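One chain comes next, on its own, written out as C-alpha cells in the form predicted on its own.
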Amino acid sequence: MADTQQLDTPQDIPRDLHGLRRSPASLLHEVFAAGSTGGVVELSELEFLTMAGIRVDPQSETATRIASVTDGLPAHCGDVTGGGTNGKPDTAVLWLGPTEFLVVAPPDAHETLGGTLVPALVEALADGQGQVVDLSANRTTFELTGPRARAVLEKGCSLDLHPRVHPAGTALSTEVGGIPVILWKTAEDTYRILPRASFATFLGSWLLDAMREYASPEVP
C-alpha cells in the first residue's frame, strides 16, 4: 500500500489548495458584474469571511473573556460592536439574541489561513458556560451598495429600512425574497446580506431580478 501523508493540523494544508475553493454564489459572479449598474446599485459576494457563532450569558465572566477577544459584545437588538461598520474590514460582532452573537471577520482570521480568531474564542470559554462554533461555511455574504440599494431590498423585506429606523451599524434577522438572512447595514448606502450557503444562488438571482429596473437608461 502506498504511503499517504496525513495533514495533522489546519496549518499543514497547502495554501494552493485554498485556490480550489468555490464560494456558494461563485457561478453568479459574472452575472453580478453584468447586472450591477455603476453608481446606482451594485451586487457582489464577499467570499469566505470568517464567522463564529457564540452563545453565552452576557453578564458572565465567560462573556467578559470573550469580549476581550472581540473588543466587546453588543448589548441590544440590532447592535454591532467592533469593526465592520462603515466598510472597515475588521472583526465585528452582531447581536442575534439575548445570549446569541455572530462574529464576522476577514478570511485570513480563519485558522486554515493562519488566523487565531476561533481558537482564541474557544480558549476564552475555558471552563465557563457557553458555546463557540465555527460557522464560516454556514453562510455567505452578499454586498449590495448604491443609492438604490434600499429600494431593491424593500421589494422583498418587511423591515422598515428608513435610516431613522435602520441606521448604519445595525444588523437584524429578517427575510429578503422569502429567504431568512441577517441584514447588516454597514454604511449609508451599503448592506451586507448573510443567507445560509444553500440559499445563496436563489437569493443572488432574486436580488439581480430586483435590480433589473435600475439598469434602464430611464432611471436617473
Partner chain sequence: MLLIPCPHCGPRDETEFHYGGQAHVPYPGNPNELDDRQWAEFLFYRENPKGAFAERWLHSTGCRQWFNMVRDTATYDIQAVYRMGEPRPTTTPPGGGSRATGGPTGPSAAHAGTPASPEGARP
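Not measured: the values here are computed from a predicted model. Positions refer to the first chain, counted from 1.
FYI, the form predicted together with the partner chain isn't displayed, but the following is about it.
- Only one listed stretch (167-175, 32-40, 147-155, 66-74) carries heavy atoms within 4.5 Å of the partner chain in the model of the complex, and that stretch is 167-175.
- For the chain shown alone, Ala187 is not a contact residue for the partner chain in the model of the complex, no non-hydrogen atom being within 4.5 angstroms.
- Although the partner is absent from this view, Glu123 stays clear of the partner chain in the model of the complex, with no non-hydrogen atom inside 4.5 angstroms.
- Looking at Phe142, you'd find every heavy atom of it more than 4.5 angstroms from the partner chain in the model of the complex.
- Contact annotation: Pro119 falls outside 4.5 Å of the partner chain in the model of the complex, judged by heavy atom distances.
- Using a 4.5 angstroms heavy atom cutoff to the partner chain in the model of the complex, none of Ala105, Pro107 and Tyr191 count as contacting.
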